[in-house]
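Next up: just one chain, as structure tokens, the form predicted alone.
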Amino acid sequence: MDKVVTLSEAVASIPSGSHVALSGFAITRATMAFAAEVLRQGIRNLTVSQCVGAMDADLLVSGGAVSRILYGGGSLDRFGRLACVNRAIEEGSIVAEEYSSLSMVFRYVAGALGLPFITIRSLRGSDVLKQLEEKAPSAVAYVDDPFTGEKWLALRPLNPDVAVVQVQVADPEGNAWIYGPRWDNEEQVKASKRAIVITEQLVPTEVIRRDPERTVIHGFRVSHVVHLPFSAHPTAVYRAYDYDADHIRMYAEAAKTPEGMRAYLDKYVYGVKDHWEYLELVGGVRHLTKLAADPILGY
């Protein structure tokens, strides 16, 4: 079944108020074109979850699309903080539940397995747990081990409405390969009601079938496939292109103030019709080819 659609069509399938799991990790494989299109379509009141907060979540928050975020911390790596997320938390315009990265993965695993809860040891005695108990008491509980009587910390499962995953290779049915670190992406997809795959390369299903062990996301879980080169720009996609350091540096500077961020959004999100116009604005083919990955090194 051919599920290939435009980015606009895929984003339009997500109603306001949805819970969206994002694949990004800091400045790597972030769903940047997706986030920009969400803002252009005016989708609001989203719950966003991801193992480690990334640039895609920061962009969504900057445009007012997010009302709640569940994440294991995050940053723009060496370029600084997720300034828009942090400012929104401080101002109280979004609700934040901050976990450890591992406990976020556990919540997705519980959702994927259909469990009512999952126990975890690593949060015990941490400030992260103290804050959760104070700010989100319904997210954690304690259960007795029926075998030993020991008291265990339990977490609720996560079952997002849709997982949006940036990948390197996919076929029209949604079977997808992820090169390099996968983080929580596989668990996100299995826990979600459906997935949207955004791919750098679209290949025939026959190609996928030659190496079935590479398939991380299986097509029966996928509702939409979007073929969109450089769709994670300015973040990196291993074996496709490196991050755009100058652009991220500019973004980080703009994000320090609401005024600076509004100017960024007006130019790079609302000031272009779609992702193709955005790519022309940031320098077009001449600039993007400089970011292309070395075939040996992968970045």
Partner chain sequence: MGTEVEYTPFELMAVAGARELKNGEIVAVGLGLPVVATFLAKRTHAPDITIMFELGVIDPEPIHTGVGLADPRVWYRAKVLSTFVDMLGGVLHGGRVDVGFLGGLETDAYGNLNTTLLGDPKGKFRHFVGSGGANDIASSSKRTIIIIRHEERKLKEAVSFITSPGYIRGGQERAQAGLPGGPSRVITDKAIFGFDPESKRMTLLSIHPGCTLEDVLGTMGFKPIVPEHVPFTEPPTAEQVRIIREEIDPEGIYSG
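If you're wondering where the values come from, they're calculated on a predicted model, not measured in any experiment. Numbering follows the first chain given and starts at 1.
This protein has a second form, the form predicted in complex with its partner chain, left out of what is shown; the following refers to that one.
| Segment that reaches its partner chain in the predicted bound form - one of 235 to 243, 261 to 269, 59 to 67, 38 to 46, heavy atoms within 4.5 Å | Contact-bearing stretch, as computed: 235 to 243.
| query | With the partner left out of view, is residue 171 within 4.5 angstroms of its partner chain in the predicted bound form by any non-hydrogen atom? | reply | Heavy-atom contact with its partner chain at 4.5 Å: absent for residue 171.
| said: Please tell me whether any heavy atom belonging to residue 133 falls inside 4.5 Å of a heavy atom of its partner chain, as the geometry stands in the predicted bound form. | reply: No, residue 133 sits far enough from its partner chain in the predicted bound form that none of its heavy atoms falls within 4.5 Å.
| task | Report whether the minimum heavy atom distance between residue 115 and its partner chain in the predicted bound form is within 4.5 Å. | result | Outside the cut-off, so no.
| said: Just checking whether residue 98 would be counted as a contact of its partner chain in the predicted bound form - the rule being heavy atoms within 4.5 angstroms. | reply: Although its partner chain is absent here, residue 98 would touch it in the predicted bound form, with heavy atoms inside 4.5 Å.
| field | 109, 222, 202, 140 - the one with a heavy atom within 4.5 Å of its partner chain in the predicted bound form | value | For this set of options, the contacting one is 109.
| query | Just one of 214, 194, 78, 218 has a heavy atom within 4.5 angstroms of its partner chain in the predicted bound form, so which one? | reply | Of the candidates 214, 194, 78, 218, 78 is the one lying within 4.5 Å of its partner chain in the predicted bound form.
| field | Residues 9, 175 and 231 all lining its partner chain in the predicted bound form, heavy atom within 4.5 Å | value | Not a single listed residue reaches its partner chain in the predicted bound form, so no.
| What are the residues of 20 to 39, in order along the chain, with a heavy atom within 4.5 Å of its partner chain in the predicted bound form? | Read in sequence order, the residues that approach its partner chain (within 4.5 Å, in the predicted bound form) are 25, 26, 27, 28.
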